[in-house]
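We begin with a single chain expressed as structure tokens, specifically the form predicted alone.
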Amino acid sequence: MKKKQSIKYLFALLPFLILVGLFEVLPVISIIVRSFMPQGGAIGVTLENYIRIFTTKLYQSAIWNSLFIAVCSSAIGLAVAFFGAKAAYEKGGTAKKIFMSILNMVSNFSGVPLAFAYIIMLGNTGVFTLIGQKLRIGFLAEFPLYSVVGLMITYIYFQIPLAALLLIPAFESIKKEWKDAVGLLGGSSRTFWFKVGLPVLMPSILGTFSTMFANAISAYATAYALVMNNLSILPIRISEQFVGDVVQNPQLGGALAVVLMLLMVLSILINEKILQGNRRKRHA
């Protein structure tokens, strides 16, 4: 009887497995294989593409810029979202529902429309830039929108709602009885959050950071619409190799894509390592 049920489940999963294989597994394998092929499509195996990536300043800067933007935007976005999610959790009721509705709406505002909005507000002839020039506010008048810092600030906009949406359900795991217990033992609210709240939320916080990191380091539309090829980051350098106007080099593009995938996998492994360390401390 159990064998028949398992066969039924396999048949039910078969369409999903076929889709995953065709649109996820096969493309990844194809990219990895292509990254080890010589330029020009010749048959063979070579490390030339990876050597070029790690010895050329253009691609080195792309890796460092992508890492800097992803880490900083994730950390800042997570810090802001944490207090927003905490406030929504503590307030509850109608305020929480309104907050969730705003988050759902804002989280969909990204890509080209987001870049266009920032250009209108803080571009070379943006509204706030002109106001800064008129009132002699140096920060606004010379806002570095088309730079690494400007791109990072743009990313923070869509990182905050993503982090808040992921953290709000995690706060539901904190029981009010724990707060009462800490209060009865003479602990303050700060003591509760540092000794109880944050350790309980740590797996969710690290998981959220890992998701935000992957979201930021692979973002393409916002970056391309804002800075195009004027700033070196991995997604833009990858796209150049496949849709370049002059020269296309899919083998190098595949190698860059593999590097990007490895960075994302590395962030997940670091996240798991930290979580394992926390679990061992708890058991100890």
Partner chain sequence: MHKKKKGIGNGLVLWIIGIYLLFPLLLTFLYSLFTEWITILPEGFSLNGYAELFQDSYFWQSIGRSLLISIVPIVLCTVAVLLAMYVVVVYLPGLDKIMRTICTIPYAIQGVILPISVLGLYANAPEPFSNRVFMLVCTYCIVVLPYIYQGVRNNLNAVHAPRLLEAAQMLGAGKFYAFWKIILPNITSGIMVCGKLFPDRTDVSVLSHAPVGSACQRGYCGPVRRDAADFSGSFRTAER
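Just so you know, these numbers come straight off a predicted model, no measurement behind them. Numbering follows the first chain given and starts at 1. Between two forms, the rigid core is defined as the largest C-alpha subset superposing within 1.5 Å.
Not pictured, yet referred to below: the form predicted in complex with the partner chain.
- Contact with the partner chain in the predicted complex, judged as any non-hydrogen atom within 4.5 angstroms, is confined among 197 to 205, 137 to 145, 105 to 113, 67 to 75 to 105 to 113.
- The shortest heavy atom separation between residue 161 and the partner chain in the predicted complex is within 4.5 Å.
- Interface residue remark: residue 239 is counted as part of the site for the partner chain in the predicted complex, having a heavy atom within 4.5 Å.
- Although the partner is absent here, residue 30 is a contact residue: one of its heavy atoms lies within 4.5 angstroms of the partner chain in the predicted complex.
- Taking the partner from the other structure, the partner chain in the predicted complex has a heavy atom within 4.5 Å of a heavy atom of residue 84.
- The contact residue chosen from 58, 45, 243, 42 relative to the partner chain in the predicted complex is 243, the criterion being a non-hydrogen atom within 4.5 angstroms.
- Residues of 206 to 222 lying near the partner chain in the predicted complex, listed in sequence order, are 214, 215, 218, 219, 220, 221, the criterion being any heavy atom within 4.5 Å.
- Superposed on the core, the two forms differ at residue 17: its CA moves 2 Å or more between the shown form and the other one.
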